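First comes one chain, alone, set out as structure tokens in the form predicted alone.
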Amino acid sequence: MLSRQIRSFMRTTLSIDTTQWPEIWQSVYRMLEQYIVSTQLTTWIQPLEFVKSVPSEGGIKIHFNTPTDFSAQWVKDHYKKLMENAFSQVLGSPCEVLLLVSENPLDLTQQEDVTDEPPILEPVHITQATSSRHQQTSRLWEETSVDPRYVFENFVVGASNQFAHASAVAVAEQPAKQYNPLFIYSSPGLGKTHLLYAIGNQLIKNNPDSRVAYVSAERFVNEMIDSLQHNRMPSFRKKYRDSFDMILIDDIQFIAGKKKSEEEFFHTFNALHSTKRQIVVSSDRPPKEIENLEERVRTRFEWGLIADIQPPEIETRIAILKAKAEREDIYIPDDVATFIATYVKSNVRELEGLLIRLQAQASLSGAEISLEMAKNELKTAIPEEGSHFTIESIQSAVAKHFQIKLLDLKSSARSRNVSLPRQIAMYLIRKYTGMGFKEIGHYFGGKDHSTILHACTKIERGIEGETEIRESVESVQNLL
């Protein structure tokens, strides 16, 4: 508690001197610790920045600056009364806490009508390095923000994904009400990530102050490992357990078999679920089929709603192509759309990628997209009807193109001159044989399911954005 001298000074002046603030705040903080858990104190109270105190009728108005509008509203709704009671007890006078938002703590006049009296106290920071905390908060949002391009309006709905889409919309409109968690699963490239982003974007549209995080399970694991190595686990836990209203985690199967990661996710899940915050996860298979997943984690997924996405039927594939063409301002004749949709059956990402490639060729040649152009341009990407590729033929073609030994593909070597060919081989086997990830792994020295999935995803994305990968895949297909 404060010294008698300070309390006597406060009663007579109703103001706070600069030298008094650290002792005052320490006393208040100790009282708050009795009512607020440490993680919440760290998340909501420590970032507050003391600006000034102003005498009021029989009491004191204490002004704080907050990082965001949301944090100001949250503190006001949950902790303002506790803070006012604590300050009143410590200072011996009625206190009112005012929460303001401004990048410049001194620029407060446009936010609230304050007394004409000059501020009694220059800004004092509650914690050290407040500016660095703002930078960390900014980085946190940049690293976990949802992609605004993916919304429900540009998600093509068909019989294959209708249930998953309806479930996602319900969660976005009423988070943590009925379906918590929401578990969406499908093979790669069918729209799981699109739905995750769309849920987040819809929630932000409905409530701009919502805090939404998107993160891949691989990133969650890597962040946890880095936090362990650098003794930053409290910060890691605060980020995922206390900082967001909704968390979207992609490819959750990546944590299976990683005991420490599963444990951290389990406690994160419990923290979010118990405080009625929405959890949405995606996977390439349902919970019961994720090998090496702890039973306690599996049962948590089964608490909510499980929705699957099947490969789209041809009508939906054509609609997806036309929707993509409209967004990209590409003219695609009906016969071309039908041609592409007929041969690309299981992957929406590849379907859209072929359209972009066709448009690029049309732009370079100055000609309009036609069926003849589509057949000539896409013959290396689309297998001839009735063609059949074996695992052995694909592996041999890859080894020949990259001039490496067949045994290298099955080895554990991680150098790029071996890992990239191996990933391309995995991708092509998946594409042309439709074989499952686990089964493909057997032909590459017993690689696990997540390794094959990671390889396929990397090559799919590389074909769209990296010339080296695209040309290598095309060369191997020509050899085949």
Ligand code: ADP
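Computed from a predicted model, the values in this text were never measured in an experiment. In case it trips you up, residue 1 is the first one in the sequence shown, and so on.
The form predicted together with the named molecule is left out here; the points below concern that form.
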- prompt: Any of the heavy atoms of P311 lying within 4.5 Å of the named molecule in the predicted complex?
  reply: no
* To do: Although the named molecule is absent from this view, report whether S186 comes within 4.5 Å of it in the predicted complex, heavy atoms only.
  => yes
Quick one: is N154 in contact with the named molecule in the predicted complex, heavy atoms, 4.5 Å cut-off? yes
Quick one: does Y150 come within 4.5 Å of the named molecule in the predicted complex, counting heavy atoms only? yes
Per contact check vs the named molecule in the predicted complex (non-hydrogen atom within 4.5 angstroms), the hit among 222 to 230, 154 to 162, 263 to 271, 71 to 79 is 154 to 162
Interface check vs the named molecule in the predicted complex: of P175, G200, P181, G191, the one with a heavy atom inside 4.5 Å is G191
In this chain shown alone, the residue from E218, D408, E84, E352 with a heavy atom within 4.5 Å of the named molecule in the predicted complex is E352
Looking in the predicted complex, the residues of 63 to 89 with a heavy atom no more than 4.5 Å from the named molecule, listed in order, are none
